[in-house]
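Shown here is one chain on its own, the form predicted on its own, set out as structure tokens.
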Amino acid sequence: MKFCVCIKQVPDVQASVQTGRMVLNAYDASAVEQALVINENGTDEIDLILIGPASATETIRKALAMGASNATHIVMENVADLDSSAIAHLLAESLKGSNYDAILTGKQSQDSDSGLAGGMLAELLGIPYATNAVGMEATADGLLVTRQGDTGQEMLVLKAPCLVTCSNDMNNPRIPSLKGIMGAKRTTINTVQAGPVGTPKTKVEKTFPPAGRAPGLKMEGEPEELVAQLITKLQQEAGAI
């Protein structure tokens, strides 16, 4: 199958937002991995598309190193000013008229967690879609998708062309090999400037780490002593009993 995977560069959620370290969105990495698994023994290409600043090239090459074939970088420095609607419109403009069997996205991005862009993109392209996929395999004319619903799992058959948003519960993305890393460095990335962007419907004013909390209390001693100390604190300090 011919896939296009929409990827995004996001702040590293494993570190403080103030470090400025940027990484490949984890949900998008799972989407890339699943496309690679489905095409493991095939010759069809897996293309990538990313909207982001010039510095996002490193993130694109990370996904290329996993095994993707080609990449398009829509350069926009102030991508943080875009909301899901603006992102979907930019992607739709770029993908309009393409002949992909399936477009994959992460179910959400680690920075906003809104989970809206994939569904909006499918609507703009006029193709069927499934969200929050935890399993996916190719059929004769499309994809069989297992998605996690509110009350259980559902199985959907989508005819190509279609769009699927992928959960990071779907798989464990591979670690790029040395051969993949060297190949990604040699791959030419198609770079284009972002076109006109409509007025975003939402705006992020600022990002900041959560407030710190006082460390927990550690008590030591014999069990009988600890129980007595705990009861005293619950009575006198917490007022719980």
Partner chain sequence: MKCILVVLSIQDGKIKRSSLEALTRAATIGEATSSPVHAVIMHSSAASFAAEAGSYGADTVFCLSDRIFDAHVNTPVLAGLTTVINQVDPKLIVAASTESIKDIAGALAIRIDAATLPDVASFDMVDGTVTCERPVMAAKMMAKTTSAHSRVLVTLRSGSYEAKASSGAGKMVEVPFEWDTNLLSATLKEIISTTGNTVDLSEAKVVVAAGRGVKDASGKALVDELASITGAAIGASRAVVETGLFPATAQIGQTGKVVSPDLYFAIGISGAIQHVAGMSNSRVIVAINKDADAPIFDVATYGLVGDCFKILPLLNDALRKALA
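Basically, rigid core = biggest C-alpha set you can superpose within 1.5 Å across the two forms. Positions refer to the first chain, counted from 1. Because the structure is predicted, anything quoted here is derived from the model rather than measured.
Separately, the form predicted in complex with the partner chain exists; it is not shown, and the next lines address it.
Although the partner is absent here, Ser94 sits far enough away that none of its heavy atoms falls within 4.5 Å of the partner chain in the model of the complex. Looking at Asn78, you'd find every heavy atom of it more than 4.5 angstroms from the partner chain in the model of the complex.
At a distance threshold of 4.5 angstroms between non-hydrogen atoms, Ser167 is in contact with the partner chain in the model of the complex. Proximity of Ser98 to the partner chain in the model of the complex: non-hydrogen atoms within 4.5 Å are absent; the residue sits far from the partner. The candidate stretches are 63-71, 203-211, 32-40, 189-197, and the one lying within 4.5 Å of the partner chain in the model of the complex by heavy atoms is 203-211.
Using a 4.5 Å cut-off on any heavy atom, the residues of 145-180 that reach the partner chain in the model of the complex are, in sequence order, Arg147, Gln148, Gly149, Asp150, Thr151, Gly152, Gln153, Glu154, Met155, Leu156, Val157, Leu158, Lys159, Ser167, Asn168, Asp169, Asn171, Asn172.
Comparing the forms between this form and the one not shown, the C-alpha position of Ile175 differs by less than 2 angstroms, with the core used for superposition. After superposition on the rigid core, the Cα of Pro196 moves by less than 2 Å between this form and the one not shown.
Annotation for Glu40: C-alpha shift under 2 angstroms between this form and the one not shown, rigid core superposed.
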